[in-house]
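Given next, in structure tokens, is a single chain: the form predicted alone.
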Amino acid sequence: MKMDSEHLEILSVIVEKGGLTEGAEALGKSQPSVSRSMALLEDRIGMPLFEPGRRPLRPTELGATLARLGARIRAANQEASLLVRRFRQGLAGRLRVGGSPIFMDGVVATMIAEFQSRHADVQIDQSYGYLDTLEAGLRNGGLDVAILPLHSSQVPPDMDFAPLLSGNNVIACRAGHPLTRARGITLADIAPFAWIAPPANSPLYRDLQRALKSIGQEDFRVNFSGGTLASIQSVLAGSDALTVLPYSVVFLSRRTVPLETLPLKIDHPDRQLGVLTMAERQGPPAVRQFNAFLQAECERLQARMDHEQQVTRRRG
């Protein structure tokens, strides 16, 4: 025997409210239509749902049991409707986010944590990669969003790129490094120190080579290379080695790792950290919420970094 689940939901509301009229009002239906639904349900099961002649309306034992089942169906339908509404609004769902490792770990991860504290029903699957890998992931549908530093000329024609942070690399060292006490740092001052190099296939490795060349140090000694941001930070904090990192990464790392930057101007790439997406593919609704959140957070971060650099210049 198959029963109409809507009839069971109506029954549950009638029993909850204590009458046909009250149930109809709660459901936004007319009293005659509610009465017809109950008559159809009674015909279907071949037994009465309410005790005859009782006022207020009282369900039979079977009617009360079916009403409890109807209440569960109604609750499940309401939960499903809420889920659909939240998904459409971008407040629930799954996002597949890929990005360049240094920026993902050093900048974006803390923003993802804050985003999920506000949108706990959005699941984020994160992966790492550089431009070729991330571009392929977007094209084959394996990624919804890619976060990486790009120059405008590198943006594929079938993709959109929304900048988040301006490019700005710095020479980083541990807090209390001997060079932080020196005035007017020269090439001779830097020459004795070893360097930490990011992974050789990363854009940041090429940035390191370009930066050192810009200050006249083409031959440099590397004592650690290829690690994650966490390992680079650990080696940096525990030695006198130097490295080149995005200023945003150093700025945020100082919450947990005692790092400083050297007052040396180096060439930094004409790139911006931003969000890359397919132009003709919307992706899940949560993409809009996530991208808007990143934009707002990065604007606040950029303002804080600009303020600190202005203060540092005035002190200098």
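All figures in this text were calculated on a predicted structure; none of them were measured in a lab. In case it trips you up, residue 1 is the first one in the sequence shown, and so on.
Same protein, other form: the form predicted in complex with another copy of the chain, not shown, and the subject of what follows.
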| property | result |
| --- | --- |
| Partner proximity in the model of the complex: residue 220 to another copy of the chain, non-hydrogen atom cutoff 4.5 Å | no |
| Residue contact check: residue 269 to another copy of the chain in the model of the complex, 4.5 Å heavy atom | no |
| is_contact(residue 206, another copy of the chain) in the model of the complex, heavy atom dist at most 4.5 Å | no |
| Heavy atom of residue 152 within 4.5 Å of another copy of the chain in the model of the complex | no |
| Selected contact from 36, 265, 44, 254, since only one has a non-hydrogen atom within 4.5 angstroms of another copy of the chain in the model of the complex | 44 |
| The unique member of 176, 156, 141, 226 whose heavy atoms fall within 4.5 Å of another copy of the chain in the model of the complex | 141 |
| Proximity to another copy of the chain in the model of the complex (heavy atom, within 4.5 Å), stretch among 101 to 109, 235 to 243, 184 to 192, 82 to 90 | 82 to 90 |
| Stretch 58 to 90: residues contacting another copy of the chain in the model of the complex, 4.5 Å heavy atom cut-off | 58, 61, 62, 65, 66, 69, 72, 73, 76, 77, 79, 80, 81, 83, 84, 87, 88 |
